[in-house]
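The data below hold one chain only, encoded as structure tokens and taken in the form predicted alone.
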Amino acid sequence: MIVTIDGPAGAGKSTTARELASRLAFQFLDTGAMYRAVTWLCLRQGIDLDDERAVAASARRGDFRFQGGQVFVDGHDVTREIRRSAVTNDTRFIAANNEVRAFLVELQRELAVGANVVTEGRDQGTVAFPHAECKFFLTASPLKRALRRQQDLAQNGEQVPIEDILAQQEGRDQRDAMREYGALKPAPDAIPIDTSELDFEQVVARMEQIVRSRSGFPASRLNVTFGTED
């Protein structure tokens, strides 16, 4: 079974998807980390991010591993590094590269073969897994999303004014919505959830209930607990 969670930055996709996958004993697929990992690799190699062919070639040569919440690129643990502003601000170049997006969608589909997966991103329910059994689209107010991003950065040792985050967020939203391939938009059959006034437990509990009602699995099977990889 495939569960997709799409939405803009700061809507709570990653934390929600990770917890939902844990409760359902599904694998968690963090596609945002994939784009960040490619960005990190290109920056490390000094590749011009405007050179789409060079970026795509670097992505296809890279060795990417996602395991237990950690991200490895060519053997380097980059879990924390890919969350820094320097990487985040340049991820837009990678996200706009159609060849890279096609490559990562292939990788996402390979990782989901024969597995029960909760996957989050911006085009999971529309491009990567259009036939997913359950789709969600998370949103939140711009200020709430910016505050969440500010908190994430602070936990990573970065202090960024909320005004700067709001401005970056607005630009990112516009680029995501107008992207030629994999534009940010809800799938026609996606269930919308506004997380602005809901706490984390409310959001996850609601989604878990919906997934269980659609899964077709016996409750005992869904209650099995084991380690997941992302």
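Counting begins at 1, following the sequence as shown. On a predicted model such as this, the values are computed, not experimentally measured, just so you know.
Beyond what is shown, the protein has a form predicted in complex with a small molecule; the following relates to that form.
The three marked residues, Thr31, Ala95 and Arg122, each reach the small molecule in the predicted complex, with a heavy atom inside 4.5 Å. Exactly one listed residue, out of Gln150, Asn116, Thr139, Thr91, brings a non-hydrogen atom to within 4.5 Å of the small molecule in the predicted complex: Thr91. None of 162-170, 192-200, 35-43, 55-63 except one has non-hydrogen atoms within 4.5 angstroms of the small molecule in the predicted complex; the exception is 35-43. Looking at Arg101, you'd find a heavy atom of it within 4.5 angstroms of the small molecule in the predicted complex. Heavy atoms of Lys144 never reach within 4.5 Å of the small molecule in the predicted complex, leaving it off the interface.
Mapping the unseen interface onto this chain, Lys185 falls outside it, with no heavy atom inside 4.5 Å of the small molecule in the predicted complex. Using a 4.5 Å cutoff between non-hydrogen atoms, Arg84 does not count as a contact of the small molecule in the predicted complex.
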